[in-house]
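Next up: a single chain in structure tokens, the form predicted on its own.
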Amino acid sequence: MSNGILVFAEHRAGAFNKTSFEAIAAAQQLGTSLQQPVTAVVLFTDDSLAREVAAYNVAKVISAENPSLAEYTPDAYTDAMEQVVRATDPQYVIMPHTYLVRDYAPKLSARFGKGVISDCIRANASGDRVTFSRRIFLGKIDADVVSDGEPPVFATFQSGAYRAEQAEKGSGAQIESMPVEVGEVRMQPEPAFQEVKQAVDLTKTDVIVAIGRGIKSQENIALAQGLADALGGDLAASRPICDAGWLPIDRQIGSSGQTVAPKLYVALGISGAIQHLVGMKNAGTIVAVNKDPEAPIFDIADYGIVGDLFEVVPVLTEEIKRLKG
């Protein structure tokens, strides 16, 4: 009988990203609810990367090893993961919803005659029944999905659905080295695509101050920048601001920009179109300033200020500076 939860810890160039630890947090929470052990798996050439994951509260870490796993290819990763899944026989396979996982996970699940419950925002267990929730229609509706087939169940979790800091540390999990066989690798890895260097990676910042049409002109952006500086955060924007060229595209939040989950998100003059909300609704605390009391942004805001941002922001900025001494 299938038992336990297997969580895939993704790394790039030998470094784990926060979504891997978010996936671990999701797996730990599910494991607690189901009273099942959590096993992490790392794919690499040796067990050097598995040691970092072993610091978390998991039953053990499987280091699937093969020289062909030095760099990502869908063929090698699928072959390796298939062997790990068959060897561990888990009930659930949890993965972060990254580009890499989206590339190979369908191929992996197809080998088990399964689909993938993708881009989940939460998982709730009732007895031994797990309901996965995912957003559809650009976040307008949450759909609940239950797998009624035989295990394993493959699921990926959206960035920000869980927080990396929620992943519980442990006292040092056992590392099990598992040599795996890799068949023909049809892809020849090339140097990773290098994006234009961003001034800031908004996915890693704890505080974001975002501006929308309500800022009115490029000259007024300095007002929002002052608030961001006072809070020790970064400046971002909705799509119209970036389309106008007032801020670079790497500052855009939303369905066609970055998806973020900071601890604090301050929305200034942003009405709250669904395309923007899907990029920031997982923020820990949302503060909205808008002169329209019917603005959709207030539907998801934890704190709302109905007022003119040109009057509100200077007062907020000065008060924050005063409190910080």
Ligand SMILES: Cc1cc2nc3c(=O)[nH]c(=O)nc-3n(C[C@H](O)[C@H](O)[C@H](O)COP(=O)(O)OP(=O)(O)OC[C@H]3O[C@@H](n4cnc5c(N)ncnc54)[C@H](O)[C@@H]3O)c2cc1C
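Everything numeric in this text was worked out from a predicted model, so none of it was measured. What we label the rigid core is the largest C-alpha set whose atoms superpose within 1.5 Å from one form to the other. All residue numbers refer to positions in the sequence shown, first residue = 1.
From this point on, the text means the form predicted together with this ligand, which you will not see here.
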Sole residue of Ala26, Val289, Val58, Leu43 within 4.5 Å of this ligand in the predicted complex, by heavy atom: Val289
By the heavy atom within 4.5 Å rule, which residue out of Ala155, Leu227, Ala76, Ile253 makes contact with this ligand in the predicted complex? Ile253
Choose from 49-57, 27-35, 290-298, 66-74 the stretch whose residues reach within 4.5 Å of this ligand in the predicted complex, heavy atoms counted. 290-298
Heavy atom to heavy atom, is Leu264 within 4.5 Å of this ligand in the predicted complex? no
Does Gly214 make contact with this ligand in the predicted complex, using a 4.5 Å heavy atom cut-off? yes
Answer for Thr285 alone: is it within 4.5 Å of this ligand in the predicted complex, judged on heavy atom distances? no
Is Glu10 close to this ligand in the predicted complex, meaning a heavy atom pair under 4.5 Å apart or at it? no
Residues Gly272, Gln275 and Phe310 are flagged as a possible site; in the predicted complex, is every one of them within 4.5 Å of this ligand by some non-hydrogen atom? yes
Applying a 4.5 angstroms cut-off on non-hydrogen atoms, the residues of 107-140 near this ligand in the predicted complex are Leu138
Rigid core fitted, then: does Lys169 show a CA shift of 2 angstroms or greater between the shown form and the other one? no
Classify Trp246 as shifted (yes) or not shifted (no) between the shown form and the other one, where shifted means its C-alpha moves by 2 Å or more with the rigid core superposed. yes
Rigid core fitted, is the C-alpha displacement of Gly212 between the shown form and the other one 2 Å or more? yes
What changes in the predicted complex is the Cα distance between Leu277 and Ser159, by 3 Å or more; the two atoms are closer
Inter-Cα distance between Gln29 and Met280 in the predicted complex, nearer or further [3 Å or more]: farther
